[in-house]
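Okay, here we've got a single chain as structure tokens, the form predicted alone, with questions on binding and movement later.
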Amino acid sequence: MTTQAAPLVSQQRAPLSGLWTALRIFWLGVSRNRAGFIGFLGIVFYIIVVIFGPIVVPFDNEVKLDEIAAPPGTRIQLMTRSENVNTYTTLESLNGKVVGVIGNTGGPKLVEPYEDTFEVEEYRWQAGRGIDRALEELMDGDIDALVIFSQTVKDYIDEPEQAGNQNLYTNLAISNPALGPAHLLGTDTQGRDIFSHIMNGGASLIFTALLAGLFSTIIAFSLGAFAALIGGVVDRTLTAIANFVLVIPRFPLLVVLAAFVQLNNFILLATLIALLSWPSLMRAVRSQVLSLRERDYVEAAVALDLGRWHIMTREILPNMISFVAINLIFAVTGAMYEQVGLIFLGMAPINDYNWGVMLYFGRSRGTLFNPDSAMMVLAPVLAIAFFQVSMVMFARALEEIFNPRLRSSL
């Protein structure tokens, strides 16, 4: 029994050993290439953001009139009279008191959990006139504290002359400057937190780009290998089709097709991008397969009549895996740019709020002319750019892993 169990254990350990060796080679190859390692860390970071970002930072979809186009770092604060500045510092310390909030702002939602512990007095926004009434009643002692936005404090308390406010609120002070969470990147033209949009807006964009790159790579490899192995009329026909598609300007054609096709599905958008981006890679794959077809192991497989599918997947693909993997990464980066371009021009659906939609609204709402809301455009641009740079740098590490000439030893 003992002598029969040893081969079984050996067979069970063999796949694990092979997987461990592959992971070791991959890690050593990535870590030896500094640029590739940085790119790998960048991709891991984006994976974490896409998966856990929406869980940690919920999407902010609440319109807040007092936070429109607020600068980075702004937040809700707690204001009281000067004599109570050291007493009323938190919402918990206002037990049994009267707290004022202004409607159509972030204040009412912030005090919801405490409505049973203190009385809430809500003031209507009234195009900002409700703020004056709230400040006056705070000065008169009708309310004990006021939940107010930091930009509003700057306009009404700190710099009233610049905001055109005539009233002077001399006996009011901020008791808690960090009552609510900070807007790290500021807010958009509706008072919504830009950072939450960045954390929630990458999943659909990245997934569609990955899907489009995968589709185009599969099409290119299949047609290129098929044309090279069969040859003759099939080869000439597929090459002619690839040349025809290749000479047509891809993005203008994509814009024209998007005008006739309703791109209400990310799979449809990815497929459309893939159908226009395969020819260049198909020609390169065809050239590679024509070279590999003359190798002894391929000729032996042909002589044994193992079939074209076996030759493509077992003999040719393993020897082209580095070429295919690197071109897959570049196909993903190209698909990302084309997808964002369509959204930016309004040719793709904008119901799913992603980085491209942020650019679209940033352009259409004139945020580039407002320094306080410029991050609505700059933040998604930087997020897309860093993702592309991470992918390209990671491709360098893959090239070193797959190409023994680029590494001394692993």
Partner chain sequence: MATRSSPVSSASSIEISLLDRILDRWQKINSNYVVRTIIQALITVWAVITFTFFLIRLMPGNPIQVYVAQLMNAESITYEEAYGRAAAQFRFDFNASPVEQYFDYLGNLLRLDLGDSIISVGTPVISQIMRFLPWTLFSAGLGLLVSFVTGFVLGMLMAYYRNSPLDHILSFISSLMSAVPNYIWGLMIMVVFGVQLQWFSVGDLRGTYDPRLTPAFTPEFIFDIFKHALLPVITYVLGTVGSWMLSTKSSTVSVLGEDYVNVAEARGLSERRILTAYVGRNAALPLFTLLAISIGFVIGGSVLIESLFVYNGLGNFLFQSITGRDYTSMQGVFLFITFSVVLSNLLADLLYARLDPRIRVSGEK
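Keep in mind that what you see is a predicted model, and the values were worked out from it rather than measured. Numbering follows the first chain given and starts at 1.
Missing here is the form predicted in complex with its partner chain; even so, the following discussion is about that form.
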Problem set entry | Stretch in contact, per heavy atom within 4.5 angstroms of its partner chain in the model of the complex, of 66-74, 53-61, 375-383, 40-48 | 375-383
For this session: Quick one: from 177, 103, 113, 252, grab the residue that has a heavy atom within 4.5 Å of its partner chain in the model of the complex.
Result: 252
For this session: Name the residue from 233, 259, 304, 321 that puts a heavy atom within 4.5 Å of its partner chain in the model of the complex.
Result: 259
Exercise. Heavy atom to heavy atom, is residue 244 within 4.5 Å of its partner chain in the model of the complex?
Worked result: yes
Exercise. Hey, in the model of the complex, does residue 344 get a heavy atom within 4.5 angstroms of its partner chain?
Worked result: yes
Exercise. Taking the shortest heavy atom distance, is residue 357 within 4.5 Å of its partner chain in the model of the complex?
Worked result: no
Problem set entry | Partner contact for residue 272 in the model of the complex: its partner chain, 4.5 angstroms, heavy atom | no
For this session: Given its partner chain in the model of the complex, answer whether the residues 81, 85 and 197 all have a heavy atom inside 4.5 Å of it.
Result: no
